[in-house]
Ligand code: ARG
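For reference, the chain that follows is the form predicted alone, supplied as structure tokens.
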């Protein structure tokens, strides 16, 4: 059994049930590197300030660097009996350097230590995840650029609506992911405050230099209230919220691709390497990867709720409940990282089924708005034009005939402004080319957007 940092005050051993229930080493071991780096900066400050001797400082730093090398090399053996990663490293340091190790914990507590570790961890993870989002954006832009002239039927309410370029639809993903990336960068600003030196919650009477530690660990600023430093986890909640929003976007992309790969839509073919089969139906090719992505998002949303519920009733100071913020945080980060990596690879393994799509965009209901706008350009009010086209849809499309089959005389029965030239706009390519507004599906505008995103993502 590892030695407890607080054990001296206790007259008897804690129950094995207590030890098992309170231990966090099974999950906070991933913070080992950050715990050691924080300790290295801390001991350097203690020696610099004369709080411990330079000799002891060098000895402690030697031991910590030795442990860090083991951690980075994957050779560090975590002690399952340790209460937490701090205790595990402290005990190993004691074995390596002896009595000087007892001075390391001067002017700090595990309360400010864990706040430091998680902030350092999240700085790196925010950067890493933002980088993975950028990789996915690049993969989507490459896929869009490879299919610049594919027009698909767009949907609202899952009902066929209007024609849009496939590339335009794909760039909608890129826009959403850019906001997700920005949220991670923005959260990083609030993560980047150095809490070490706040100690248990009230600070210390020793002549420490927190600003020195801040510079050593490359933080932007110091936390300015010792109670808040150890008692709040809003930076963790913010990251979980950012991941929850990002995961919603990823789930919706997965849902689109699932729908598009069905026989009913038949827009795309997903490579066999990203599908699975059925144990009973030999013909099946299932998009299980995408379905599991969609399902995983439930866990990510739940993890945000878990930490919010954890924090909502706590009095303002450190409470042991906060130990439980890490499993949901780590789970969400791992899940999002896996999903981003899968999506980046998957977009390079999708084939567009152009012939099948072209059959679907012959539905003339896709061009109803184009006819409305044709009439508006002839001087009719929007409401009048809408009513006219509504009657045409009712009389023709609802009965299985085409508007393009009407003669000019038949067209004029609906409106004198309708002429045979209206038939020229009853095709998908004309429809997308008619769009003019900035941000629309007009091919020229979409090409500019693609070029812009290629440049931005470089």
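Numbering follows the first chain given and starts at 1. Predicted, not measured: the structure shown is a model, and the values here were computed from it.
Just so you know, the form predicted in complex with ligand ARG exists too; it's not on screen, but the next bit is about it.
Taking the partner from the other structure, ligand ARG in the model of the complex has no heavy atom within 4.5 Å of any heavy atom of residue 344. Under a 4.5 angstroms non-hydrogen atom cutoff, ligand ARG in the model of the complex lacks residue 267 among its neighbouring residues. The closest non-hydrogen atom of residue 320 lies within 4.5 Å of ligand ARG in the model of the complex. Within this chain, residue 114 lines the site of ligand ARG in the model of the complex, having a heavy atom no more than 4.5 Å away. The candidate stretches are 23-31, 412-420, 396-404, 55-63, and the one lying within 4.5 Å of ligand ARG in the model of the complex by heavy atoms is 23-31. Proximity to ligand ARG in the model of the complex, defined as a heavy atom within 4.5 Å, holds among 214, 119, 326, 108 only for 326. None of 168, 181, 86, 188 but one reaches within 4.5 angstroms of ligand ARG in the model of the complex through a heavy atom, and that residue is 86.
Within 4.5 angstroms of ligand ARG in the model of the complex, the stretch 228-267 places a non-hydrogen atom from 233 alone.
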